[in-house]
Ligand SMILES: C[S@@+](CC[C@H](N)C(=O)[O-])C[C@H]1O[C@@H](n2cnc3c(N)ncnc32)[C@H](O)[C@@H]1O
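One chain is shown next in structure tokens, namely the form predicted on its own.
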Amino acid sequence: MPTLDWIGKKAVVNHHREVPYRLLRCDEKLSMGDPGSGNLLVEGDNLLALKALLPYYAGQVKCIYIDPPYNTGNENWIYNDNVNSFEIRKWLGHVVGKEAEDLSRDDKWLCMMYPRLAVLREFLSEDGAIFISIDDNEIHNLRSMMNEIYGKKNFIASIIWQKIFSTKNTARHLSESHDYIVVYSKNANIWRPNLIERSDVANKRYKNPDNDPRGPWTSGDCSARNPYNAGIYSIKCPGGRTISGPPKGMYWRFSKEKFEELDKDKRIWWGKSNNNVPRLKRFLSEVKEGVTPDTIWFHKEVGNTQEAKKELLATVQFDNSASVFISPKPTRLLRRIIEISTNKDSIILDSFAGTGTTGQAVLAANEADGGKRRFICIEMESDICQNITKTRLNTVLTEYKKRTENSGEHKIFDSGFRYCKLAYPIFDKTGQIHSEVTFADLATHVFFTETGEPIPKQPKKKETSPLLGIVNDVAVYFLFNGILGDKRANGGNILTSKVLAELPVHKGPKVIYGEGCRLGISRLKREGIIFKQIPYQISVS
């Protein structure tokens, strides 16, 4: 299969594996509402933030939506989508090295996107999917990258979204009215979209001109271009007319016996004259509760850029309306994505959060159906994250709370988010564990790097247990920071016969992390123990 190559690719294809794990620290002053809602707004470089979140959310995210820089070169608005920005140039210089000086704009964009797309895949559940907004500038490169990272077989569709509904007569060539949303699944054999709720327009197509007791219906053609098991035969209408066969080049959909059976059941419509070409009646009560999503999304159904700007202005006060993001996404667009790709308790991740449309859409979906969906939004620029993204979510939550209180009904909406910032790496430059790292911090990291899965949630009474969890019948233990109540150098951090006897019992194989081990090789083998020394045998990235 053809592959995409560019200057700097070798330096970035595995870069996401080399990024050190960092800690996230919650800022209570910037957070809002219920801290236990599970919603997160993270300020910081999205690659570093994603790596910090991975031990907690790997394989658990049902839907990822990102609206990355389109790489148009536009530098005249608040969120620069030109990858020549200072932050990206600094990052490229560090990762790619001198070669970065010769990179074209496309090369830089590819270098920036590849590791982020690679680590995002690790968040997806087996039945999850990623939706990426993009335009014609980079869609070809994006598809090639996604084929390489996610697999060509997991490509779902390129959706066309009508972002503008009026023609731009000032356009140099053609007036561009659409963007794309590229969709890939983690596993196309498993992922299936939810049906879209039937619109009133669709339901109005169903009538009941013959007062059929089965209710409203619409009719469909009884003929088709492909030969079915029936072929061609003559039909006599109830009004006396004989139809020699289907239209030229067509075939009846049913055998003659099946057709007569349908007619007897009054499922054939002959028109008011009883002499028209027969049509099959399809009853509203028998059709699916929703419709299969299409690949063309019109602005009347999912909103447009102008609508998105109005939504943003309604939630965030700008000194100058011209400084509004040039192309924010409307909430209805994200609601559609959430509708077809999530359940009521799904996690939705957006690592290019921008103005916070994804967060608002998740809150709106929960308010509408009582769901418990959670969002994780990441925004790199501190000013934007605090003054736009956070402010928007604050405003939305305040409005929802007022509506709930004013309704006079039982409280059904109680949500919020935690505002997090990137902290220091778990390990310092010498490979030692950072002095402020807690047992819980490092335990989460150790369990994930050992098993590839997030650490199981523990009951409060077991939060100080050295047994972190069991995966595939292998128990993972962690002796660190005096977990057994003895912080002396030769205390509970060292695996001895006494400490082993105190550990929660597991009869299968065990992996035990500790600062030292006093048991011999034969004893370890007999007990089914693999011992790993802290910090040297803990993966640092």
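In this text, residue numbers run from 1 along the sequence as written. None of the values given here were measured: they were computed from a predicted structure.
Another form exists, predicted in complex with this ligand; not displayed. Remarks below refer to it.
Highlighted residues Trp6, Gly8 and Asp106: none comes within 4.5 Å of this ligand in the model of the complex, counting any heavy atom. For Arg116, a non-hydrogen atom is located within 4.5 Å of this ligand in the model of the complex, even though that partner is not displayed. Although the partner is absent here, Leu349 sits far enough away that none of its heavy atoms falls within 4.5 Å of this ligand in the model of the complex. Using a 4.5 angstroms limit between non-hydrogen atoms, Leu393 is distant from this ligand in the model of the complex. The shortest heavy atom separation between Asn493 and this ligand in the model of the complex exceeds 4.5 Å.
Proximity to this ligand in the model of the complex, defined as a heavy atom within 4.5 Å, singles out one entry of Val316, Val437, Val182, Ile384, which is Ile384.
Proximity to this ligand in the model of the complex, taken as a non-hydrogen atom within 4.5 angstroms, holds for one residue of Leu110, Val446, Leu468, Met380, which is Met380.
Screening 352-360, 157-165, 240-248, 299-307 for residues having heavy atoms within 4.5 Å of this ligand in the model of the complex returns a single hit, 352-360.
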